[in-house]
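One chain comes next, on its own, written out as structure tokens in the form predicted on its own.
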């Protein structure tokens, strides 16, 4: 007969406390976005959609959101191709320095974003890159690549490449075997990499602040300028919308990665 772990209630209590600490600021932001007060405060019983209506007509927010979405989609697509190829080379390659290459590709995660921002801005200035969107796209690929490489290395470690060889012995060409066998098995890792990369690019501020110009502003930069110029709970409505979109993307990860099936089992 199994004895109950005396520390289980304590572990649950600590876990609940951590979850509450993590969620509490987000709950406050959501409540403020529906409050009728013109300042950042929660007023129970006095709810309004005025800040959501103002968000719909706020100057610059939708253009910045559209730019951030295009930038995140482009940088994620490029990083997904390059990062997957790099992960495959590191996992399957038999060459000196493979581990070092992996560390180099993951190094942007270890450096403060502001340091990377200063570095890439100086690099673009030295090479004469003046187009803000081009500079942002390249720098965001640098931000997204570590997520793709790390996740795909984990996915490749769980994939049995003998299945590709088995498909080839059954008449498939190498390309067909990759498409029919490898891609479906690696799809959860690809989707997870894409979603995490998209979020990392869309929310990036430290690098973007050095590369934007007056006509090319990402959403985080636009939000900061709004807070400096005319702070009001409209920014809370924008933040709540981003929380909903992020939750939807994380739900995609949950479904695509098979975590639900694993829990049911």
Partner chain sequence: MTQQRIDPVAWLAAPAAAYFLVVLGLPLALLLAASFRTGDGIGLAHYARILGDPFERGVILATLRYAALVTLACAVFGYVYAYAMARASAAVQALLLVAIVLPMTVSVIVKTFGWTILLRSNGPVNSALLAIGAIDEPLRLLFTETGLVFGTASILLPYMVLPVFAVLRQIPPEQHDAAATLGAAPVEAFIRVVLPLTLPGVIAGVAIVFSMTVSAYVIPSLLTGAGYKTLSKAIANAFLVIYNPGLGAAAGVILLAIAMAIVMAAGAAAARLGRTA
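Numbering follows the first chain given and starts at 1. Small disclaimer: the values here were computed from a predicted structure and weren't measured. Just so we're on the same page, rigid core means the largest C-alpha set that superposes within 1.5 Å between forms.
Just so it is clear, the following notes concern the form predicted together with its partner chain, a form of the same protein that is not shown.
Contact residue in the model of the complex, chosen from 178, 77, 172, 119 - any heavy atom within 4.5 Å of its partner chain
It is 119 that has a heavy atom within 4.5 Å of the partner.
Residue 252: heavy atom within 4.5 Å of its partner chain in the model of the complex?
The answer is no: residue 252 has no heavy atom within 4.5 Å of its partner chain.
Is residue 34 part of the interface with its partner chain in the model of the complex - any heavy atom within 4.5 Å?
Outside the cut-off, so no.
So in the model of the complex, is its partner chain close enough to residue 166 to count as touching (4.5 Å, heavy atoms)?
Flag for residue 166 set to no.
Would residue 224 sit within 4.5 Å of its partner chain in the model of the complex, counting heavy atoms only?
Judged by the heavy-atom cut-off of 4.5 Å, residue 224 is in contact with its partner chain in the model of the complex.
Residues within 4.5 Å of its partner chain in the model of the complex, restricted to 102-118 and counted by heavy atom:
Residues within 4.5 Å: 103, 104, 105, 106, 107, 108, 109, 110, 111, 112, 114, 115, 116, 118.
Superposing on the rigid core, I want to see if residue 69 changes position between the shown form and the other one - specifically a Cα shift of 2 Å or more.
The answer is no; the displacement is under 2 Å.
Taking the rigid core as reference, does the Cα of residue 39 move 2 Å or more between the shown form and the other one?
Yes, the C-alpha position differs by at least 2 Å between the shown form and the other one.
Does the distance between the two CA positions of residue 231 reach 2 Å or more between the shown form and the other one, the core being superposed?
Comparing the forms between the shown form and the other one, which are aligned on their rigid core, residue 231 does shift its C-alpha by 2 Å or more.
What direction does the residue 193-residue 15 Cα distance move in the model of the complex compared with the shown chain, closer or farther, given a change of 3 Å or more?
The answer is closer, because the C-alphas of residue 193 and residue 15 approach each other in the model of the complex by 3 Å or more.
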